[in-house]
Ligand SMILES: NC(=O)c1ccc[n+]([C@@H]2O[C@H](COP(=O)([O-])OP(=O)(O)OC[C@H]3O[C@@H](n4cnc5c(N)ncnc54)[C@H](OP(=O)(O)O)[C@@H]3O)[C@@H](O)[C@H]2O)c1
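The data below hold one chain only, encoded as structure tokens and taken in the form predicted alone.
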Amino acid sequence: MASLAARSLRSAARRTSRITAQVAAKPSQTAAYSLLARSAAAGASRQAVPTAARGIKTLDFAGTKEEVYERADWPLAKLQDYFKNDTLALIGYGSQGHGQGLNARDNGLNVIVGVRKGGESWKQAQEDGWVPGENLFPIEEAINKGTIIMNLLSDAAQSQTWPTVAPLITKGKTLYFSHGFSVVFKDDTKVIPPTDVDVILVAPKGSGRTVRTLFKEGRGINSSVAVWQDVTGNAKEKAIALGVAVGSGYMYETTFEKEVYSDLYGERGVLMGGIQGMFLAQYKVLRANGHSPSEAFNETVEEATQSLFPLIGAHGMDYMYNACSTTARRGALDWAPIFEAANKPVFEALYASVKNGTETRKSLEFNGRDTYRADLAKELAEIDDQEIWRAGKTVRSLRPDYKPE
């Protein structure tokens, strides 16, 4: 569970979002493809919607040709016209619900939020400018009002609420997910969509907070899109348009299965679990050999996150190697294959655990506990109390651009 400071930061962010939603935004505050673009498009006639064919790109990814769908293919007026008869009922207001809902609202679409009345998410939605009885409703009422049902509850909550939700997904509606978890692992979750509705997926490759931040910056996150069930014949086009609506800059096509396998695998691997494990192992060896906490943290985390990883993200691994000293470059080239050989069996075991449902069952069991929040808080507190991250708080405070958390 987040610290009090982190919760205060999120609360401040929600207050800022609420103010932005209720007051006309200044140009410096809002991205070109959100409120400003919406204002520019407001005076345009619905009949003036561009009709030019979309320029889908086929790109070469290391020798494999793939189609990529871009935001530029869906000008805002066209996007608004496409969904002019739809109500997007966003169920759940967690990280993704917050980001996707506010982005779609800023893009001028008709969005309503459905959450448990009076709960924490209800209060958070109100702080972001959603109004009870106007665009904020209990879950069942929101689903009944919506034409596109965006199920953004947590994976465990989707499983727990499905008996109530399923009968409300009636013919003519569209069922939308941002994770393939529930339907792919239906034997465990019991989430089996009705056979007479389109079932689609838009999965932003990042947290909901990042989805919102990149949208406001005018950049847009990359997302994957997929179709589980195409009843109307328009499911794929609808998924791509919704991807733009919720803040994607570009999208690539996948399947529900591949999305959930790669997502669970990546989170447990280099994105979160693996990187925490490697950081901790390197830090502990340095400390055991007499290095100070500040030196061990700087050589393990600070240099990685503040200097080298940004170079990889911006230019690629080869660029990062070339930006380092000849000594560093030589050693890294020699040891990389050793790390690959040592880690590959671990990653193979991890992928097998994802694919056979072991990770799913663990997640459903843990996240479905009545004591879930307390149990999670205990585990996160243990990480927060590790020396490496306690040392990191002091190191971060020394950055010239540091702002108290």
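Throughout, we count residues from 1 along the sequence that is shown. In this text the structure is predicted, and so the values were computed from the model without any measurement.
If you look for the form predicted together with this ligand, you will not find it shown, but the lines that follow are about it.
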Please pick, from 154, 229, 189, 213, the one residue with any non-hydrogen atom lying within 4.5 angstroms of this ligand in the predicted complex. 154
Which of these residues, 236, 291, 71, 179, gets a heavy atom within 4.5 Å of this ligand in the predicted complex? 179
Any idea which of 72-80, 327-335, 299-307, 156-164 reaches within 4.5 Å of this ligand in the predicted complex, heavy atoms considered? 156-164
Touches this ligand in the predicted complex: residue 142 (any heavy atom, 4.5 Å): no
Looking in the predicted complex, any heavy atom of residue 120 within 4.5 Å of this ligand? yes
Mark residue 258 yes when one of its heavy atoms lies within 4.5 Å of a heavy atom of this ligand in the predicted complex, and no otherwise. no
Heavy atom of residue 116 within 4.5 Å of this ligand in the predicted complex: yes
Restricting to 71-99, the residues within 4.5 Å of this ligand in the predicted complex through any heavy atom are 92, 93, 94, 95, 96, 97
